[in-house]
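Quick setup: one chain, the form predicted alone, written in C-alpha cells, and binding and motion questions come after.
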C-alpha cells in the first residue's frame, strides 16, 4: 500500500483485496451512504468523510494526513494483509473459497467502541434500513453538529442523563431503555470499554452483558466490530444457518485471530444468497479443498 497527499485528498494505491462498497454495505456499519457509482459519504470517530474507489485507487477526500494516519487507516484496517488472509481462506475451505470468490474485498471495520455497542443494541430484531434510520435520528437529536447534514455519534456521557421519553423521537421501541442503561453504565464507569480491548474475550463478553438487553450476540458484535477481538464469531441468525447447514461440526479451522474476518465473508455470502455452483462444491468436497 502506498499513499500520497494531493491538495486536500489522500490517494491510496497498491491496495489489494479491498472493495469499498462491499466493506461499507455488508451489515457491520450503519452510517454510510452511497453517492454515485463508486463514492460513499459517512461519519465515524466524529469526522465526516467522502471516500471513492476509482481505477485501483482509494481516494479519501477533504481529510488531513493526520486524520488518515490516526483515524482512517485504522478504521479501514488498511495495514492488515488481507491478500494473505484470503489466500489462506481459499486454500483452507471450500465454503470460504466460494464466499471470497463471490464477494472479494470485504474488510473488517474498526469502529469506535461505544458507537459499535450502541448500534448493535439498536440492531436487535431489526432490519438494516430501520437500524440506519434510528441511528440517524439519534445522531441528529443528540450528536454534535459537524456541518451540513452531518452529526457525530452522541457520547455515552451525553445520553446518560436522558430518559426513555427523551428518546421517543428515535422511534426505537423497546431498545430505548437499553440505550439509556448502556449509556449510564459506560459513562459511570461500570463498563470500561477501553479496558475491554485487552481483556480476554469471555471475560469481556461477561462485562458487556452487565448492560440490560445485551446478550451474547450483541456483546460479540461489540467485541468484534468495536473492540478488536477478531477471533470472535457473533452468532446471529445468518451465522447460525451457516453452522447448521454448512459446518455442523463447527466453524472452519482458520487462524484463530482471523475467525471474525472469515465470518464476515460467510455472513455476507449467506445473506446475499449462495450460487448453485457454490452449493455443489460444498456437497462434493464436504467443505474442504483437496
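Residue numbers count along the first chain shown, from 1. Just so it is clear, the model here is predicted, and its values are computed rather than measured.
There is also a form predicted in complex with the DNA; it is not shown, and the following applies to it.
Only one of 205, 97, 185, 175 lies close to the DNA in the model of the complex, with a heavy atom inside 4.5 Å, and it is 175. Only one segment in the set 140 to 148, 185 to 193, 206 to 214, 76 to 84 has residues whose heavy atoms sit within 4.5 Å of the DNA in the model of the complex; it is 206 to 214. Contact check for residue 267: a heavy atom falls within 4.5 Å of the DNA in the model of the complex. Interface membership of residue 161, defined by any non-hydrogen atom within 4.5 Å of the DNA in the model of the complex, is ruled out. When the DNA is considered in the model of the complex, residue 127 lines it closely, a heavy atom lying within 4.5 Å.
Within 4.5 Å of some heavy atom of the DNA in the model of the complex lies at least one heavy atom of residue 218. Taking the DNA as it sits in the model of the complex, the stretch 11 to 46 comes within 4.5 angstroms of it through a non-hydrogen atom at 26, 27, 28.
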